[in-house]
Ligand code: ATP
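Heads up, the chain below is alone and in the form predicted on its own; it's given as structure tokens.
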């Protein structure tokens, strides 16, 4: 079994990269073969993993520019079961070319299908916008995780994301489903979170993960240390929450929990 999961929301600061890295690491610690792909030009996944540019074997930009094959740009990480593809640091001219290449909406999907069959999970960290990389990632994905924090701006972005998923599903990828909406930086007694959660439960309740990610200094400190939280402090609340998320996803895939939810 191979499952491709995008982590996406058209808003910054909601924990997309934190979720992509820590979920990928948690699945790998659970002995699943995992590939993390950084599709965000900011390249922050590499920072979180403690990988310098010169340590990478190539980048996603090289693959989409047809100068390298995707199997040639896979970098090993400090977790044996976790591999990584960096986004790279494109120049202005590369960005212009990538903008044109992402117009071929099925290109990325074809690359994943034909060259990366050995992984149990492929996790894609998407940029904070819908066009370009996010769209081609969704076309290549089986499901999407939507991380969000408290606030009206996040709710607005969530609704845009769900509508975009519906469009991708109807036009390009009929198998695409919502793996779940993930509450990040969660504080159960916060008034802002009470209002945010009530709004989500009213409109999109079936999509909520059982797991939520608490506000945790360990998640921030581990980023500075260049280590996924599970390696930095496995017993911290943030680390345990991402392990719980990984277990929730794996149990769905084994039929032990409700499956990822399709959108109509």
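Residue numbers count along the first chain shown, from 1. Given the structure is predicted, the values throughout are model-derived calculations rather than measurements.
The next section is about a form of this same protein that is not shown, the form predicted together with the named molecule.
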Any chance residue 249 has a heavy atom within 4.5 Å of the named molecule in the model of the complex? no
Would you check, heavy atoms only and a 4.5 Å threshold, whether residue 223 touches the named molecule in the model of the complex? yes
Please tell me whether any heavy atom belonging to residue 196 falls inside 4.5 Å of a heavy atom of the named molecule, as the geometry stands in the model of the complex. no
Is residue 213 close enough to the named molecule in the model of the complex to count, meaning some heavy atom within 4.5 Å? yes
Heavy atoms within 4.5 Å of the named molecule in the model of the complex: which stretch among 62-70, 215-223, 25-33, 202-210? 215-223
Do all of 123, 179 and 255 end up near the named molecule in the model of the complex, with near meaning a heavy atom within 4.5 Å? no
Let me know which residues along 107-133 have a heavy atom within 4.5 Å of the named molecule in the model of the complex, or say none if there are none. 128
